[in-house]
Structures are given as structure tokens and as C-alpha cells.
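Okay, here we've got a single chain as C-alpha cells, the form predicted on its own, with questions on binding and movement later.
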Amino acid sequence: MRKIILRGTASGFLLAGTVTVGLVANTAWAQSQNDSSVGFEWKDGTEVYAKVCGHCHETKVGPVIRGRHLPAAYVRTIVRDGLRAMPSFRSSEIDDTSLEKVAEYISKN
């Protein structure tokens, strides 16, 4: 098998192009990771409950949680850590602001 060895200008352009593409891609990725702007925000706790929690807790897959006046701190803990069949939700799945809204909604309704 024959090796191809690039020498001279062609190899310099190839190396420079590869490095440039890598730097541009890395910069774009870093900017998207540091972008703290929220693209979507839930209106209130009622909406979060209906769209996220209600799928299980209103269809008898999970226990009834509305009307039990569960403490908001308890709700936040269970959502983040999970309990038995209740999965944990990372902050990338439900942000802290939305979690606060739904915890207050559940504790008061």
C-alpha cells in the first residue's frame, strides 16, 4: 500500500482549513452553550401541570397530586430527585422557574 505524503502549499492549505473549521465550530458550539436567553417560557403553573405533569397524574398512571396541598418544597424535591415510579427531571427538562410555578400551583390547588 502506498502512502500519500502532502508537501508544500497543498498541505499548508489543508492544515489551515482544518484548523479554521475546527475553531469556527468550537466557537459556535461555545456560544450556543453560553446563551442564557430563554426561547420558551411557560405562562403559569397551570400550563406546566397540564402539559407536563397531567399526562400521568390526571390519567391515573401516577397518584393524584392536586387537592392534597403538598408543600411546594416537597414537590420541587420529588420532581428533581424522583420517587419510586416518578422519574427525576433535570433542569434541562424543566427549568427552575417553571418548577417553582408548578410547585406553587400544586401546593395551592
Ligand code: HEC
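Remember, it's a predicted structure, so these values are computed and weren't measured experimentally. Residue numbers run from 1 along the displayed sequence.
A second form of this protein, the form predicted together with this ligand, is not displayed here; the remarks below concern that form.
Under a 4.5 angstroms non-hydrogen atom cutoff, this ligand in the predicted complex lacks residue 69 among its neighbouring residues. Proximity of residue 43 to this ligand in the predicted complex falls outside the 4.5 Å heavy atom cutoff. Residues 62, 63, 65, 68, 70, 74, 75, 78, 79 of 62 to 79 are found to place at least one heavy atom within 4.5 Å of this ligand in the predicted complex.
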